[in-house]
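First comes one chain, alone, set out as structure tokens in the form predicted alone.
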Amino acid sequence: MTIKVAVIGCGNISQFHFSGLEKCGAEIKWVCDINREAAMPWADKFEARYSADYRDIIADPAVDAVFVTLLSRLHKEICFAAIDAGKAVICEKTLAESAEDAWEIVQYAEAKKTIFYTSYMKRFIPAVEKAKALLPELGTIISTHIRAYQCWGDLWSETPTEGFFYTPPGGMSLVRKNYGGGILVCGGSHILDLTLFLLGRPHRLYATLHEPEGSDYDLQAAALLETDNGIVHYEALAHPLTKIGFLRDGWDEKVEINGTNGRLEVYSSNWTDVETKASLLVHYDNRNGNSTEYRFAAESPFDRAVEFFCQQIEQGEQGSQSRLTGYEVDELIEHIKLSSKQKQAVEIQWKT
């Protein structure tokens, strides 16, 4: 079976989904975007039909799956319509702009027994997958440090007066309009998902956010997350440092998990350079004193994620990734904001 898909939203992130779909052999039947100029190159490349109205796509009985790759504030309406039409859905992160909306989406997918994924593709980084497999070797996990440091330029010294990070009086910055927030949503959501993937749901957290005066987005999100697998020291940071990180390119994303038997260190590369920059895993085994480096070839985690999603859809199975993934991250984001606002630790109120 070759699954037939439609892509709704042809902005920057869609190129990675189109790449994965092409490589796994899916048939792209439709592309959709209100900006015809953004959509037509993809329509031409894949000989797909074009529409500015997502309802045309969802009404086509030949479409098996819908990729939703546009602004988070538009996800709920489109996901509900696609689920209602019996389509499998792959939705970009973040799933929604609130945990309540995300919960309603995934609950509807559960009720309809629709295959549904939120595309947190960093689960598919080879070093992350290897780390997941090696977790039992660590014994009792006692402490984790996980961070995403992204080079956004110097937004700390002065408030922007124009451009992507400018917040007009009484208006909204482009980063918030396009992505729903600052570093917590843009970069921090991915490592919250890795926390869930590797260590399970936290049950309590204490967090702080830094939002510069005159701006409507955060530049730093830091938290202590309590899990059944020890404490997690979490931070997402927008910074001006151009030569930090293991590849010295300003991208500094790391997971360090410490257990009674050793340590795992995951270093991942910039998601925009997935074809040229690779990930690294270092496993220290305290039982024999040896450290092993796993140096992986450059390989797009988007391609690997899309291949997994398509395989599961072909088999008619949800597979190993829960429908709840997007909700879980959005719930953590909401509790981080709540803890920062209240300036105290909060118990995480999971809906299920």
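For clarity, every value in this text was computed on a predicted model and none was experimentally measured. Throughout, we count residues from 1 along the sequence that is shown.
The following text describes the form predicted in complex with a small molecule, which does not appear among the structures shown.
*Asks:* Counting any non-hydrogen atom inside 4.5 Å, which residue from Y179, F246, Y166, F197 sits next to the small molecule in the model of the complex?
*Replies:* Exactly one residue meets the criterion: Y179.
*Asks:* Could you spot which one of D218, D193, E92, E253 gets a heavy atom to within 4.5 Å of the small molecule in the model of the complex?
*Replies:* By the 4.5 Å criterion, the partner-contacting residue is E92.
*Asks:* Could you tell me if Y267 has a non-hydrogen atom within 4.5 Å of the small molecule in the model of the complex?
*Replies:* No, Y267 is distant from the partner.
*Asks:* If you check in the model of the complex, is N12 within 4.5 Å of the small molecule, heavy atoms only?
*Replies:* Heavy-atom contact with the small molecule at 4.5 Å: present for N12.
*Asks:* According to a 4.5 angstroms non-hydrogen atom cut-off, is D33 in contact with the small molecule in the model of the complex?
*Replies:* Yes - in the model of the complex, heavy atoms of D33 and the small molecule come within 4.5 Å of each other.
*Asks:* Should L71 be counted as a contact of the small molecule in the model of the complex, where contact means heavy atoms within 4.5 Å?
*Replies:* Judged by the heavy-atom cut-off of 4.5 Å, L71 is in contact with the small molecule in the model of the complex.
*Asks:* Which single stretch, out of 277-285, 151-159, 126-134, 72-80, brings residue heavy atoms within 4.5 Å of the small molecule in the model of the complex?
*Replies:* Of the stretches listed, the one contacting the partner is 72-80.
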